[in-house]
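Take a look at this one chain, the form predicted alone, written out in structure tokens.
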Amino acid sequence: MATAHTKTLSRIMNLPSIILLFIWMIVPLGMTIYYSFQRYNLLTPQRRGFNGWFNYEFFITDPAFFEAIGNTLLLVSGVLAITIIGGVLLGILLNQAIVGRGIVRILFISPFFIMPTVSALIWKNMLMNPIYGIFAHIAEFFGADPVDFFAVIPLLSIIIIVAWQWLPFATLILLTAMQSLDQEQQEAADMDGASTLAKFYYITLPHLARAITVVILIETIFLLSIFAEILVTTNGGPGTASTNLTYMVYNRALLQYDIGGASAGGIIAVILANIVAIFLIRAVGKNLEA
């Protein structure tokens, strides 16, 4: 009886959190699924009605859809490459005994706490502006023509901005993993005459494998929904050169007022994100079991 009473009490205590989770996640998802099968445009609300799979077909057959998928994958892979390689190198640097190491670490992690919109505005107006940006002045100093980054290389510019935000996170995780490295292995390798490169390849890098996998998992989940940086800097342009799947859904909902089409795009984005997340979770599980 005591066990049954305890189980009942625990279920009652968990009920508020379950209800909150239901309201916060399940209800919006259910409404999105419902609207994805509706012909619902805010400009013509009187024509609302069941639309079948038309919204999904229209969204997928949009010429910009596959370009948005490609841009999303390029954005995620580009940021991951920069943050992982840069995080390993900076982690090695910050792991050295230098003066003021604690202060340097605190200052280095600060970009991660800047709001994405503010970060994008700083890069757009203070650094990458082709007229009065810092990079423009540097180019003029060396006798070169300033580059209009968001017109010439819009997607690469966004990758740089997002990577700058996420590099401290990757560095912090990898630095923590480096500090747990067994120093006896390093000393044994030094006694055997191993070079610095050999020690990194055979000792440090295998030790960082799990941390790198975790960084990839966490960053990918967030990078699939990058939006603010694109909105503030390029608005998905020029044309659709920097449009990812998230911005495409936003464009359909708030610029074209097509709630049904945007809902279908949102469901497609959720499905793709879950596929990527499941794949990465399995990869993390295999890595941690190794």
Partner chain sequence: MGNIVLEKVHKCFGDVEVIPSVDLDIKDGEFVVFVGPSGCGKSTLLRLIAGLEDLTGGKIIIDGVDVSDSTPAKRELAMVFQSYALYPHMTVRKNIAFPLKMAGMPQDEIDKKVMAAAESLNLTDYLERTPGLLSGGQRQRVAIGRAIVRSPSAFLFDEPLSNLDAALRVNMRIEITDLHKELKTTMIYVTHDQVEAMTMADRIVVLQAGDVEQFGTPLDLYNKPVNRFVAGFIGSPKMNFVKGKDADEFDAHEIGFRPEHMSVSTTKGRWKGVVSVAEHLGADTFLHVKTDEVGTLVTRSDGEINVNYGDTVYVSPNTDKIYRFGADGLAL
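The structure presented is a predicted model; accordingly, all values stated were derived computationally and were not measured. Numbering follows the first chain given and starts at 1.
The form predicted in complex with its partner chain is left out here; the points below concern that form.
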Partner absent here, but in the predicted bound form, which of 192 to 200, 114 to 122, 216 to 224, 81 to 89 has residues with a heavy atom within 4.5 Å of its partner chain? 192 to 200
Work out which of Gln179, Ser77, Ser110, Gln185 lies within 4.5 Å of its partner chain in the predicted bound form, going by heavy atoms. Gln185
Is His207 close enough to touch its partner chain in the predicted bound form, meaning at least one heavy atom pair within 4.5 Å? yes
